[in-house]
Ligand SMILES: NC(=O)c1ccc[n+]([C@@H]2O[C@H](COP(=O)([O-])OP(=O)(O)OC[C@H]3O[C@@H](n4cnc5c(N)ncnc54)[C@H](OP(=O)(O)O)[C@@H]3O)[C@@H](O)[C@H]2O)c1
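Heads up, the chain below is alone and in the form predicted alone; it's given as structure tokens.
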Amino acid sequence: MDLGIKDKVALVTGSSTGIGKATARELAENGCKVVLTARGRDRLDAAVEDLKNETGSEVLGVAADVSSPDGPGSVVAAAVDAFGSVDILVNNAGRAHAGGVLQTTDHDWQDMTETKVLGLVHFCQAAVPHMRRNGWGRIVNMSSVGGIYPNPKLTISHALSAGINNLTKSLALDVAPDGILVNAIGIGAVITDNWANNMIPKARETHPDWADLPDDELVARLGAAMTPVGHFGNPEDIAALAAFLASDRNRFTTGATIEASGGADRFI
């Protein structure tokens, strides 16, 4: 399928690893010029080289703290300086935060809000004027299925995901007349390095009869038990959906939060 985005400029936040990197790769493979951003310079530089070598596309890395008030604007400015515009924005920066309402602190809430919500808002504010001038734009916000079906052990992440879903709808209605489509992906259990490093040790504790299984077999059993489709997702599953939503083939879907959870109605 030709997505119709050759030579479009795509900016992906939190893109040095995991879902963000996979999404950046998918967009580059479809002909986009891609801007990666993350806090850590070393991993970011490595991701840029990987994508250049794998796709042959033009790839720029901009190290920045997306939670700082001026971070998103500086990244968008760098993208425009390098490639002339920003056509596609994928807001992926953020992480899960464990803890229920009674265990979380004001600092936890502030830190996560600045990264997951204010960072997203600031990137949209900086990128949308360029999309409006072009009369075309696509924004994809990475959310969580927990924003729809909350898990009390991940209160902050899932409360903010619900907010992201609402922001997505509001922005979509605001910019639809300008040719800009805005959607969110409600992500379920997807196997990334960070997810595996946290989930596998906990699974060995909660399933002592599986404690001696190799990692791959343990993950396969968990996926079969906890996901209707019988397995967990991988970053490429999310990247493929994000690329379609960010493409010219998507001409009618906007304001939606699309669940990508293998049918699970709860976050593992």
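Start at 1 with the first residue shown and count on from there. Quantities reported herein were computed from a predicted structural model and do not represent experimental measurements.
Here the subject shifts to the form predicted together with the ligand, a form of this protein not shown in this document.
A.B. asks: Go through 48-56, 222-230, 201-209, 33-41 and give me the stretch that gets within 4.5 Å of the ligand in the predicted bound form, heavy atoms only.
C.D. replies: Result for this chain: 33-41.
A.B. asks: May I ask whether 143, 187 and 192 all come within 4.5 angstroms of the ligand in the predicted bound form, judged by heavy atoms?
C.D. replies: Checking in the predicted bound form: 143, 187 and 192 are all within 4.5 Å of the ligand.
A.B. asks: Contact between residue 138 and the ligand in the predicted bound form at 4.5 Å, heavy atoms?
C.D. replies: No, residue 138 sits far enough from the ligand in the predicted bound form that none of its heavy atoms falls within 4.5 Å.
A.B. asks: Could you tell me if residue 64 has a non-hydrogen atom within 4.5 Å of the ligand in the predicted bound form?
C.D. replies: Taking the distances in the predicted bound form, the answer for residue 64 is yes, it comes within 4.5 Å of the ligand.
A.B. asks: Using the partner position in the predicted bound form, report whether residue 16 sits within 4.5 Å of the ligand, counting heavy atoms only.
C.D. replies: Yes, contact at 4.5 Å.
A.B. asks: Is there any non-hydrogen atom of residue 168 lying within 4.5 Å of the ligand in the predicted bound form?
C.D. replies: Result no; residue 168 lies far from the ligand in the predicted bound form.
A.B. asks: Does anything in 75-93 come within 4.5 Å of the ligand in the predicted bound form by heavy atoms, and if so which residues, in order?
C.D. replies: Residues within 4.5 Å: 92, 93.
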